[in-house]
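One chain comes next, on its own, written out as structure tokens in the form predicted alone.
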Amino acid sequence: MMVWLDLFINGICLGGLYGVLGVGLALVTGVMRFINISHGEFIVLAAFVGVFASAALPGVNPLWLLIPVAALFFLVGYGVQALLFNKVVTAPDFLAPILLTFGFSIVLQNLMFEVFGTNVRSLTAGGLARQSIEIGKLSIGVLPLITLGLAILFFVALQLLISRTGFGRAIRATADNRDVARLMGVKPTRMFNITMGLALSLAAVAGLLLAMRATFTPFSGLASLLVAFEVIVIGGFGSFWGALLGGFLLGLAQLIGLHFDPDAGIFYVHVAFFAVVLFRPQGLMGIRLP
């Protein structure tokens, strides 16, 4: 019984990280109606920024880097959307945003390869990575618990921002009908810029948290994008809480799968994704399409 409880708790903690990987992509998809293929590369780029910032500030807990790195990537996202992605986000051809962001992901990947090389890296969390809470025979890592707490905090804050503020109403109006929103004085391009800034801020947080738990290279973006995409599909496109539930499901699938098949890696994550797509293609919290 304790083994299953341990798997459940640690699976939920891992799922919180997966949820953060996907929530930025869910935000962009919900507001702008396109998939940012370069999302994974931004996660990896944030991880590299965290590694070098940690080296430049020895003795500083890497968790303190979350705020400045997230702020930096908000500016990056705002600028990339304003200068590049806005040129295709309203294009009648739905392939245009996908092709542009795919090309941008290739550029980012090769740029990181050129600058950082192929060495495997990670973000050292110090003693925090080794600390755990013992409850009887149950052992729960402090860092996974912090990750889960941050994930829930981000989801709650984002939900309140979107549902309870004037800015959130403008975002929702833009997502529903950008032409009508424009008539009401809302500038859709500005909303898109801010949305991408928020999305990449969340991607940056995910990158730092992921780098504290696993190694990465400039070519790790595809794996991060794949998990993020599976999270939002399982949750239902554009659903924030669905993305968190999708992350929980994938985290549980991975750890339970590893319990029975230690060599499986994330194979059972993809099996869980396939099962949801097969039996509930609209996602856990999505609306059934006609």
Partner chain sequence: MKLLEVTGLSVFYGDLQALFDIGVSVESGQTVALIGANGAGKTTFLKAVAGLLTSKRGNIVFDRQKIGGYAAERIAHLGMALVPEGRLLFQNMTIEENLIMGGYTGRKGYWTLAKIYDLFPSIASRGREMPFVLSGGEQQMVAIGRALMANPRLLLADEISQGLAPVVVDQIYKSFPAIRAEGTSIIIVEQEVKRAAAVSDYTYCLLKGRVTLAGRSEALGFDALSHAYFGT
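Bear in mind the structure is a predicted one, so any value in this text is a computation, not a measurement. Residue numbers count along the first chain shown, from 1.
One more form of this protein exists, namely the form predicted together with its partner chain; it is left out here, but the text below deals with it.
With the partner removed from view, the residue among 75, 83, 180, 157 that has a non-hydrogen atom within 4.5 Å of its partner chain in the model of the complex turns out to be 180. Interface residue among 146, 138, 99, 186 relative to its partner chain in the model of the complex, by the heavy atom within 4.5 Å criterion: 186. Put simply, residue 170 is close to its partner chain in the model of the complex: some heavy atom of it is within 4.5 Å.
Of the heavy atoms in residue 118, none are within 4.5 Å of its partner chain in the model of the complex.
The closest heavy atom approach of residue 134 to its partner chain in the model of the complex falls outside 4.5 Å. At a distance threshold of 4.5 angstroms between non-hydrogen atoms, residue 191 is in contact with its partner chain in the model of the complex. Judged by heavy atoms within 4.5 Å of its partner chain in the model of the complex, the contact stretch among the candidates 99 to 107, 84 to 92, 148 to 156, 161 to 169 is 161 to 169. Using a 4.5 Å cut-off on any heavy atom, none of the residues of 203 to 230 reaches its partner chain in the model of the complex.
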